[in-house]
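In the form predicted on its own, a lone chain appears below as structure tokens.
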């Protein structure tokens, strides 16, 4: 913890206010600063270049990917395909442990509940959204926004081939409609063993040097055949050198660089002190559960992997906000913006109160935090999610996401997903939620009594998980096909448990929308529009898990321990291996050692600005060729949630040369190597 804090305080000193500078920015494709790149690197991406890259990148669940052949071959990270790998695995065939390679096209296996979205077009719908919410506050504003969003996306979408999303940029200053080509038949082609994909495990996470082969290959299909595409990224087997200009095209999940001081204060003083200890406790429970046996380990490995990552991320975010120098810079940025607004009487009249309104909302948010988390939220997990999904499909509120349109389609797809449900993990999750519920709300709280009755959290979870029939896909389908009558009449214990508290959950959510979400959305939009009026598109919007392009250069950095080179090499992988987890190599890598050139670059660092969701993004050169695969950031990137440090913040990628070497010389994946032009 002390080490992380010391590193982040150094990073925070370099954070800059708007407008963006250096290699900062996750830019939208319709507002990319080509002239700025030209001034810095001598190359300006043309519109044709931008359009080609945009059409060559696809969003997948939680991550990014790119088309790398005209036959729909998709390149992404191993950890982005881990859900598919886990779903296809069994006690007899653990593909996370053994790896997977489809030697023939017919051996490629469909990933359950998986889709690839390729951005086709962007249109501005700000005026329509503003008209829908004009003069409305609280839950009425939320309802109006949802209704207009559904109207716009439904008119645009043509399921299942086309999906449209309403995207809010600059915290409400701009609204865009993103239209995607959608592929729902995505199949696993290649995934190495998890031990080499995540070599170094949690100790190496958010660190550099790294030695990971965090890659996998999928394929999009259409009408049962590989998707044909003219837009794809060619492979550069020569890779890069120090100082080369590189781009990252992908879908950064979220950043909070535009939040006000009061919103950041809420995160620092209310949210993180509650969330981080809970994550640590949940991690300890999972680690203990894994010690029971290999099957318990297999069924929770994926959960623990992402939990370890989330815990480190949240700690890094908290530490950034605890640094006085960094927080002082955020205060100074806000003060400068408010001074600029105050000098324009009309803008001051329109937006001047927004910061104070947001501060008042944060106090109400803190008051309702536990109710929102437990009463409106409920447990995590597939079984509880299925039960709640059924109850709400049967009894939808008019403007609820699952009521109609794409939201209803998505809810139905989740319920009919063939991904295996692991009862042991589900019971752990529900028991942990119930334990925290009783601790945080108190044993005498009426809602706690309504949920648990006289049962302990462990008894409550055990009874529901062992008696529900919702693990059976056919049973879930029968309830869906039977509609409201079948769901309402269901005697399934978990469905009944969810139904018994759903009115409480909806009432809590409604109150939150009235007193927090609605007012915060209006005030945040006013702040965003004030900022936009001052800075315009000289800066970039916060990340929203929509397609962005960042630029930078291959470059090392100086850590607290001294200079760090831009590249690691294959030989360093073997030097780092200990034969023990998390530095244990798969047998294939051990056997191949003598035939591999130890000087081939393994991983590399660059100055690109990325965040979570960029995992699986291609690292490309100015010719639009793949030179790497982004999979992480270094330790200094954790503070990037709130600001960018051009001196130390680095993107970490798998080098194209290492990926090519692995496919040809380790895994003997000649079919794919030929397809990639290796």
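Everything numeric in this text was worked out from a predicted model, so none of it was measured. Numbering follows the first chain given and starts at 1.
A second form of this protein, the form predicted together with a further copy of the same chain, is not displayed here; the remarks below concern that form.
* Give a yes or no on whether each residue among 113, 462 and 675 has a heavy atom within 4.5 Å of a further copy of the same chain in the predicted bound form. => No, because 113, 462 and 675 lack any heavy atom that approaches a further copy of the same chain to within 4.5 Å in the predicted bound form.
Candidate from 342, 486, 565, 280 lying within 4.5 Å of a further copy of the same chain in the predicted bound form - any heavy atom
Checking each option against a further copy of the same chain in the predicted bound form, the one that comes within 4.5 Å is 280.
- Query: Among 140, 276, 155, 360, which has any heavy atom within 4.5 Å of a further copy of the same chain in the predicted bound form?
  - Reply: Filtering the options by heavy-atom distance leaves 276.
Though only this chain appears here, would residue 291 touch a further copy of the same chain in the predicted bound form if you measure heavy atom gaps against 4.5 Å? Contact with a further copy of the same chain, yes.
TODO: Give a yes or no for residue 594: in the predicted bound form, does one of its heavy atoms lie within 4.5 Å of a heavy atom belonging to a further copy of the same chain?
DONE: Answer no; every heavy atom of residue 594 is more than 4.5 Å from a further copy of the same chain in the predicted bound form.
Close approach of residue 221 to a further copy of the same chain in the predicted bound form, 4.5 Å, heavy atom:
The answer is no: residue 221 has no heavy atom within 4.5 Å of a further copy of the same chain.
At 4.5 Å between heavy atoms, is residue 560 in contact with a further copy of the same chain in the predicted bound form? Residue-level check for residue 560: no, no contact with a further copy of the same chain.
### Message
Only one of these stretches, 143 to 151, 180 to 188, 79 to 87, 430 to 438, has heavy atoms within 4.5 Å of a further copy of the same chain in the predicted bound form; which one is it?
### Response
The contacting stretch is 430 to 438.
Quiz item: If we check a further copy of the same chain in the predicted bound form, which of the residues in 431 to 467 reach within 4.5 angstroms of it by a non-hydrogen atom?
Solution: If the 4.5 Å heavy-atom criterion is applied to a further copy of the same chain in the predicted bound form, 431 to 467 yields 435, 438, 439, 440, 441, 442, 443, 444, 445, 446, 454, 455, 456, 458, 459.
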